[in-house]
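Only one chain is included here, represented as structure tokens and corresponding to the form predicted alone.
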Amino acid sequence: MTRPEMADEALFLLLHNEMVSGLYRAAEQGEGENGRCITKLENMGFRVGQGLIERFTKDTARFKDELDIMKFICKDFWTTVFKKQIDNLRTNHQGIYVLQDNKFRLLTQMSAGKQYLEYAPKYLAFTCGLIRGGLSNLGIKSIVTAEVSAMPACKFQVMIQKI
């Protein structure tokens, strides 16, 4: 990894951590509801995901199907944002996809134990929005949830909404 790439990654990690802590700090000081923080982070991620997908796909051929789009998200999109591919993609071929990242970058700064497990959802909300926003811009309406059972591994479940 070159120096500019390392700096980009460090800045992204710092910006993400500051967004999360800033929103929660504001909620604690009475400037907003604590429960709305995850929604705000998810909405921020949604908008960023829309913009990134627009840039990443401007020179690519059209996708064949839903699975082709999910493969693009797991390989190209994830690699550009998180510097690695998704470790595992599973589907039931009925509109549910599970993306597994065994060393998710936004959780690696935390302990690998279970002591910080309760804080994980607020660090995953932005990424859920990122995936949902990217898929939205590719014409797929979805619900994205995240689950962590052992840090820093996590699973993102994408449920496609049939129109």
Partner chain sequence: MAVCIAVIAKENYPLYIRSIPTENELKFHYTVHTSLDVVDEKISAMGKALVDQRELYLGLLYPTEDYKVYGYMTNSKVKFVMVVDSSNTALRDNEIRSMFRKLHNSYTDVMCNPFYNPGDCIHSRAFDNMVTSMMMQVC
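It should be emphasised that the depicted structure is a prediction, and the values quoted were computed from it without experimental measurement. Positions refer to the first chain, counted from 1.
Not pictured, yet referred to below: the form predicted together with the partner chain.
Not one of R90, Q100 and S142 places a heavy atom within 4.5 Å of the partner chain in the model of the complex. Put simply, T60 is close to the partner chain in the model of the complex: some heavy atom of it is within 4.5 Å. In the model of the complex, the partner chain lies within 4.5 Å of some heavy atom of R47. Among heavy atoms of L138, some come within 4.5 Å of the partner chain in the model of the complex.
Contact between G51 and the partner chain in the model of the complex is found at the 4.5 Å heavy atom cutoff.
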